[in-house]
Structures are given as structure tokens and as C-alpha cells.
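Below, in C-alpha cells: the form predicted alone, a single chain.
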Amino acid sequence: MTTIPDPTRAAPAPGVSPLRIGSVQLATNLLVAPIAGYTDLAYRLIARRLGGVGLACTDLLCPQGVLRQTAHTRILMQTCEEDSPLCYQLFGAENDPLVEAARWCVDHGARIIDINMGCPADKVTQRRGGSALLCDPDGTVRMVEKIVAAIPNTPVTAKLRLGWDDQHIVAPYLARRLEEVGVQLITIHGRTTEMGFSGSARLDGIAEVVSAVGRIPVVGNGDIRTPQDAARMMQVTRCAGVMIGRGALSAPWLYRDTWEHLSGRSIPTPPTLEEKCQILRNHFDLHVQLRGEHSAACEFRTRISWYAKEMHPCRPLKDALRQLDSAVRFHCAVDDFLRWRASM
């Protein structure tokens, strides 16, 4: 694969700078979006090793699970020295033990605490967390103010959507109020809760949030599939950084390519098929090391659908991995696929 420049040494082009979140300096202005079930430690390490990542984030953490250290929460919080800097993302409502959970996370190594105000999933909003917090902006601000006060030496950030629906666009107001109580960065997904992931992310809505705050950086999120998408979002909205989600599940090298493009350098040559297969192998092997062979086999039955978007034609590989039950069969399936493609 093309040599990956070190983003900590490469000087960005004028107007594009690595982000600083409170006391935490990032290497780039690109964030890994927390996607439930996908952006676990193995994925984050793959993305970091390919380059371009400034900050990664855990999956949504339930404060009760954090404090009880349930088995599921321990998996979501799994990290290592290489996985740094790491943001711990909490979700919940005013009556949840968010202050105590934030303190626990900081005591156990969290560099940044993010409060999720953007998840539209019913299982989160029905507990008055996620984007349900948009329905009571003033109550949400009071809740966050307590968290900020409880961890004065750790930056607190917030991830928002535009509002619950088009009749209740609250993100500019809420972002401004959150800045006033000490939040150090706002990430804004350019959709309402009602939109889910349908339609297109609204750049004008992101721009309104950028205009609403005074000093802290705003990160745009939504529909980033290419480096050019990220550049356009920054140009149109004047946001300071970009959070990349589903677009990088198929191509975890997207962070590297985007940082190169934003920094005024040439986008690296796309990985060859063999290199993509090696990334897939490395990802699988990391999952085996971290969570065991059975977990990796189950996980990659679905992961292959994402990787396959960048590997067409690959029907034999998808079919083989959907029946996956061991590491040996995984590597044999990849070997067989490469031989099949070479014979075409």
C-alpha cells in the first residue's frame, strides 16, 4: 500500500488545523463516529494504524453499566495504550447517575467525556437519552453543567442532532448554552431525529450551529463518504472538523485519505484488492486477540457486507464468510477469494 504520511508531522494547508479539545491536542481534525456494534477496539485500532484519525470514541455507554461494570459494558470500554486519545461517550437523562459515571471514566483513563444527544434509536430515546435530550434543552444544559463541574480537568463534549423534527430545531440554541456552561466541543449531525438516517445531512443546519457558538470548535457529521465530501462540508459550514461514520466501515483508510486531502496533499492511491484483503485479515486477527475466535467469527459474518462494498465482485467471499465458524476457515475463504479473482 502507498506509504502513509505521519499526520502528526505533516503541516496542514492554511485554514485546516488539527483540533484541540480543551487540554487535549489531536493529531488531525477527524473523528471516528461511535457506531453501535461496529466501532469497537479492533476497528479503532485498524483505523488508527491506517492513519488520519484524530480522536476515536467508545460505543454509547449506559451510566449504570459503567458503575456496575457489567460484562457488556466492559467490552464496550475495552481499550489499550495505542487507542489514544479516546473519548468515552455516555448517554442518559437527568435522573441517571451520569455525574458518577463520568467521574468513574475519568478515574480510569478517559481523556474526554462526550454526552450523546444525537442517537435516534428507540431503545435510547425511550429512556429519555440520546436525541430525546433535544426535547428539553434547558434541562439538558442543567444536567451537563453538573457533569462539567464534577470533572473540571477533563473536557466535556456533546454530540447533537438538529432537533427532534423540523418544527423543533434547537441545535443552535442548545449549542450556545452548552458552550456557556463549559462544553469544549460540539459535534452536530445534520439531520433531525425524525429523519433517522434518511434524506441528506443538512449543511445549512450545521452552519447555523457553527455561527451560534463563539469560541469552541464545531465538528460536522453526516454523509461523509469521500475526502471531497469532508472538504465540501468544511467549506460550506465553516466547521472546524469532521466526524466520519458509516463511510469508513467499508473503507477504514478514509480517515487517512481525507486528512491528506484537507491538508492540501494528493489523496493516496486506493489500496489494491490484495491490500484490502490484508486489512480485512488484520481486522479479523485483532478481533480474535481481543475477544476470541467465536466472537470474531460471528462478527465477521456481518462485517463482510461492509468490506464487500469496496471489493466487488466478491460474492464467493460473502457467501463463505456468512457460514464462518473458525479462524482457519476465515483465512481459507480469503485465500480462495484471491485465487478466484486472479483467475478472472
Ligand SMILES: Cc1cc2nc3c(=O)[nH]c(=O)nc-3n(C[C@H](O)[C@H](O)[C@H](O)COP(=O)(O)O)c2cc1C
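Numbering starts at 1 and runs along the sequence shown. What you see is a predicted model, and the numbers here were worked out from it, not measured in a lab.
Not on display, but discussed next: the form predicted together with the named molecule.
Judged by heavy atoms within 4.5 Å of the named molecule in the predicted complex, the contact stretch among the candidates 26 to 34, 313 to 321, 295 to 303, 42 to 50 is 26 to 34. Within this chain, Leu174 is remote from the site of the named molecule in the predicted complex, having no heavy atom within 4.5 Å. Taking the partner from elsewhere, Gln89 is found to have a heavy atom lying within 4.5 Å of the named molecule in the predicted complex.
Using a 4.5 Å cutoff between non-hydrogen atoms, Gly245 counts as a contact of the named molecule in the predicted complex. Of the heavy atoms in Lys159, some are within 4.5 Å of the named molecule in the predicted complex. Only one of Asn116, Thr73, Thr140, Thr193 comes within 4.5 Å of the named molecule in the predicted complex through a heavy atom, and that residue is Asn116. Proximity to the named molecule in the predicted complex, defined as a heavy atom within 4.5 Å, holds among Leu60, Ala56, Val66, Cys277 only for Leu60.
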